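In the block that follows, a single chain appears as structure tokens, in the form predicted on its own.
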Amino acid sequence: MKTLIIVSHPEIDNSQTQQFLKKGAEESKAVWHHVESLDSIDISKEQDLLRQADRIIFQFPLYWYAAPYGLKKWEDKVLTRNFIYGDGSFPLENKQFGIVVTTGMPLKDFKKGATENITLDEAMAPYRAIANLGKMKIMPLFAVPQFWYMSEDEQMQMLIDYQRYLTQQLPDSLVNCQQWFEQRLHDFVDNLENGDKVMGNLILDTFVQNMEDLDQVSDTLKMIKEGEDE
């Protein structure tokens, strides 16, 4: 799977959050495409990037309930009507579309009746509307609230969830999650020094065995449930 991250941030070098996410994206071998860093917007080149991707992510900090101007400028030039749907073809059809949004406010504030009195999903509706016109598969929103207040453990958990968001197969089921972690462990063990591979393979074998045990438990519970229904 090829993941393209369209990143918008006017001062990205000074953003601790974006620099942290960038490292995670690089580890996931996703394409990091910062629109404010472009000297000019080559429409044909940008559209080709979108065509080549399997999963397209818009990533940005929340500025007045929307993305920074850099993404709006890029959208207006690249996401032309004919490119999205107007000429009867759909070059982005069936591609997966996700949004990663960072906020300075906690998630509890983005609720009806709370401080913001609007949900993040409502604020992201225009971007999803474009994806819908292009017949894309829309992913759930991935929010990163108040990164600088997270503990180190919370940051690392968020990083793992972010990397899964970039590369894990849909839907976000237990089976797909297990497969994602198994592949990551395989990659990790393959890159170990020979002296460490024995321990690495032991950890991998234990993980796989636990997955098989969990599958057996799931099958047993399913059989019990089917028996109760009868």
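Predicted model, so just to flag it, every value in this text is computed and none were measured. Don't overthink the numbering: it's just position in the shown sequence, from 1.
Just so you know, the form predicted together with another copy of the chain exists too; it's not on screen, but the next bit is about it.
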item: Stretch in contact, per heavy atom within 4.5 angstroms of another copy of the chain in the predicted bound form, of 92-100, 67-75, 141-149, 154-162; value: 67-75
item: Contact label in the predicted bound form: residue 107 to another copy of the chain, heavy atom within 4.5 Å; value: no
item: Heavy atom of residue 123 within 4.5 Å of another copy of the chain in the predicted bound form; value: yes
item: Proximity of residue 63 to another copy of the chain in the predicted bound form, heavy atoms at 4.5 Å; value: yes
item: Contact of residue 79 with another copy of the chain in the predicted bound form (heavy atom, 4.5 Å); value: yes
